[in-house]
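Below: one protein chain in two forms, given as structure tokens, structure 1 then structure 2.
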Structure 1
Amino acid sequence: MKILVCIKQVPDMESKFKVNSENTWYDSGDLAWRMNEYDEYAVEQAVQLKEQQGDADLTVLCIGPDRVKETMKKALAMGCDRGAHLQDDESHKREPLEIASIIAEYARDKEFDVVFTGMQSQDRGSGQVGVLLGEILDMSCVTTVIEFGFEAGEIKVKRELEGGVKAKVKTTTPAVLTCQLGLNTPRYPTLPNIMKAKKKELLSSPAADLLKVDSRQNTQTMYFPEKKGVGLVLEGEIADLTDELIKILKEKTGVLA
């Protein structure tokens, strides 16, 4: 069995964000970087499937600048066999279709049986890459997976729907699965595995060589929402509150003449 897991490096969400000079994305300077949280569940599930199958081969893929290699090393320490770094210093400008197209071109001739991705990224949150990837590769795609099982060539999952509703789905390989929070408990890499990860294959190649589609959207501007005035809570007897409310409406809004 051949397994691919796709990850993304994102800023720590506790970071203090600033809009960049182009007003199109956040400023990447002085940010702490980590693996996208949804992707941690994808990596864990991919490693569990590899361990279950025994002879499975697991590749972790990441698109981005050189710094993403540090995040990929965590996936290697968690149990991935090799890393495929698709070098792209402009990856933050890529729309979901472009990202999915790059991954698809990499995976097209490698005959992966199962592809895991996170449900969405924490910084962009489109939730589209996994679905588009399945469409481009003509593979079954199941989203928001919260339980996973594999037996006799059949994938059985439970996926999360709106309003807390769950759905049980069966499919066969090849398939793309996007992983939701709570699917499993991602393991912490042990020191021996961190040391082993340093010797694992981690090859870089230009993402531009795999980009076969044109961008269909672009970001015109990005800005923080304007701060609004604080609310006012009135307390007391209803009769007094009514008079106070009318007074405020007259003075602050002009609604009542």
Structure 2
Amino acid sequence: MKILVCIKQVPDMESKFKVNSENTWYDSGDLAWRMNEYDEYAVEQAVQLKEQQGDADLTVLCIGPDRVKETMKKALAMGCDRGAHLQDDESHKREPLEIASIIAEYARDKEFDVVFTGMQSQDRGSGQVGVLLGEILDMSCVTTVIEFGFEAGEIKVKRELEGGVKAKVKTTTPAVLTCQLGLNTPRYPTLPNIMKAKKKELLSSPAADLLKVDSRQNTQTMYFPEKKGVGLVLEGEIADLTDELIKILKEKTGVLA
């Protein structure tokens, strides 16, 4: 069995973000970088499938500048066999179709049976790459997977839908699955595996060679929402507070009119 897992490197979401000088994306200076949370579920599931299959070969793929190799090494330490780094300093500017196209061109002749991706990235959040990839490669695609099973050539998954509704879906390989929170608990890479991962193949090649589509979207402007009126905390004696509250309700709202 051949498995592909696609990951993205994103900033630590607790960072204080600033908009970049072109007003099109966040400023990437002084940020700490991590594996996209949903991609961690994807990697974990891919590794579990590989362990179940025994003779499977698992490739991790990531598009981005050289710094993404650090995140790829984590996936290798978690249990991926080899890494394909598609070098692209401008990857943050690419729309979902371009990203999907690059991955599809990479995967086209490699006969992957199962492709895992996160259901979305924590920074762009389009949720489209997995679906577009399935479409380009003419593979079945199931999104927001929260349970995964593979038996006798058949994939059985549970999906999460709006409002807590669940759905069970069966499909055959080859298939693309986008992974949602709750699917599994990603393992911590152990120290021995971190050291072993150093010896695993991690090849870089230019993403530009694989890009076969033109961009159809571009970000016009990116901005923080305007600050709305802040909440008001009243302090003091209860009697005074009541008076003050009634006054505010009368003056600023219609509830007592």
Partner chain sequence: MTTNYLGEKMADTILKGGEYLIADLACEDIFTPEDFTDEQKQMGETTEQFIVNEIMPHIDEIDKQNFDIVVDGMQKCGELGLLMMDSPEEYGGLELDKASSMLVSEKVSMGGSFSVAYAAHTGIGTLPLIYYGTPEQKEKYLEKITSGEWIAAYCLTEPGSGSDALGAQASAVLSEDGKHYILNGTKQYITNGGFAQLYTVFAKIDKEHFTAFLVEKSFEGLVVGAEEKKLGIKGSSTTQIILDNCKVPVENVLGEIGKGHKIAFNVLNVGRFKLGAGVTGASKMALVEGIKYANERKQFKTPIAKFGAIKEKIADLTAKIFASESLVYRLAGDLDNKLATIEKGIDNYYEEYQKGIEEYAPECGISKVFCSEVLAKTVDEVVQIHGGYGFCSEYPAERYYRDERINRIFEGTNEINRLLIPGMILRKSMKGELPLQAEAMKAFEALMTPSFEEIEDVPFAAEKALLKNMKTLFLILAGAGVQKYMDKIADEQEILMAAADIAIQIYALESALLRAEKNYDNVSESKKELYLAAVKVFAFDAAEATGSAARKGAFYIEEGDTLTMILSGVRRFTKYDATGLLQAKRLLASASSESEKYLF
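Rigid core (definition): largest C-alpha set, two forms, superposition within 1.5 Å. Residue numbering: structure 1 sequence, from 1. Source: prediction; values computed, not measured.
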The chain seen in the form predicted together with the partner chain is the one numbered 2
* Asked: Aligning on the rigid core, do we see the C-alpha of Thr242 shift 2 angstroms or more between structure 1 and structure 2?
  -> yes
